[in-house]
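Okay, so here's just one chain, in C-alpha cells, the form predicted on its own.
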C-alpha cells in the first residue's frame, strides 16, 4: 500500500483566481463554464481515517511519498508489523528517513515518472539521475536501498543491483499491461513518438511530476508560477481534462511517464515481471541481508 503524506496547503483565493485566469482561454475553447468549477481539496494525505481503514488489512509493506506521516500515525503502521518504506531524492532525504527508522529507502532518480518524492527542498537542481543517486545513498545509509527511475528492462534491474540496491522499483513499464487502469489517451501517448519527450511539470497538480509533454505543458510552460500549491491546482484543470478525453484527446491529461517508456509493452504484468527478473549477475553486498536489517 502506498500513500502521499504531504502537508495540505491553505487555500489562496488570489492564486486560485490567477490560475483560473491562465486557463480561461481553454475553458472558452472547450465550452467549460468556469463559474461552475468547484474549488476542490485535491488528493488527501495519509490520515487517521486512512489508518483506521488500513488497520483491518495490516499490509506487509506500507510506503510513503513526500516524507513520512505524523509520528503517531507512523507508530500505528509500525504497530501492525508493517515494513515502512519511503522515497528519497537526495542523500539528505535518505539520511533523514533512516533517522526516522524506515526499513528501506527508495532512491528515486530524476528519470522517474510521476511526482518527485522530494520533501526537504523544492529546488529541482538538487535532483540527480538514478545511477548517480543510488550508490551515493547506499554509501550514506545502513538500511536497504531500492532503486527507482528509468528502469524498464532486465538490464536496468541488473545495473541498479550492481550499484548496491537490493531491488528495483519499476513503474512506467507496466502502464500498457492489461491489468493497469491507464486511460486510452494515456496508452496512445505511451506508444507514440511523444513518449520520448517528458518533462517535470507542475501544471496538473501544483507539484513537480514527470509526464509526456502535451499541449497544455507546451503552451503554459512545464512550470507555471500561477499554479496553486499541491494538490490545489487539480480542481481547475479537471474539467478540461474530462472534456478533452471525452473527445479522444490527451491535451489536458497528466500523461505520467518516466524517461524510459521504451520498456512499455502490451503483455501481462506477470510476464513483464518475469522478464524484468531474468538477469544474470552476482549478488551485491546489500542483497545478502533481509529487508530492514543492517
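Predicted model, so just to flag it, every value in this text is computed and none were measured. Residue numbers count along the first chain shown, from 1.
In what follows, reference is made to the form predicted together with a small molecule, a form of this protein that is not presented.
For the interface check, one of 72 to 80, 199 to 207, 120 to 128, 141 to 149 should have non-hydrogen atoms within 4.5 Å of the small molecule in the predicted bound form; which one? Among the listed stretches, the partner-contacting one is 141 to 149.
Close approach of residue 136 to the small molecule in the predicted bound form, 4.5 Å, heavy atom: Contact with the small molecule, no.
Hey, in the predicted bound form, is residue 113 touching the small molecule, heavy atoms inside 4.5 Å? Although the small molecule is absent here, residue 113 would touch it in the predicted bound form, with heavy atoms inside 4.5 Å.
Although the partner isn't part of this model, could you tell me whether residue 189 comes within 4.5 Å of the small molecule in the predicted bound form, counting any heavy atom of the residue? Answer no; every heavy atom of residue 189 is more than 4.5 Å from the small molecule in the predicted bound form.
Although the partner isn't part of this model, could you tell me whether residue 230 comes within 4.5 Å of the small molecule in the predicted bound form, counting any heavy atom of the residue? Close contact is absent here: in the predicted bound form, residue 230 is far from the small molecule, nothing within 4.5 Å, heavy atoms only.
Residue among 94, 175, 104, 212 with a heavy atom within 4.5 Å of the small molecule in the predicted bound form: The residue in contact is 175.
Exactly one of 224, 183, 162, 169 has a non-hydrogen atom within 4.5 Å of the small molecule in the predicted bound form; which residue is it? Partner contact (heavy atom, 4.5 Å) among the options: 169.
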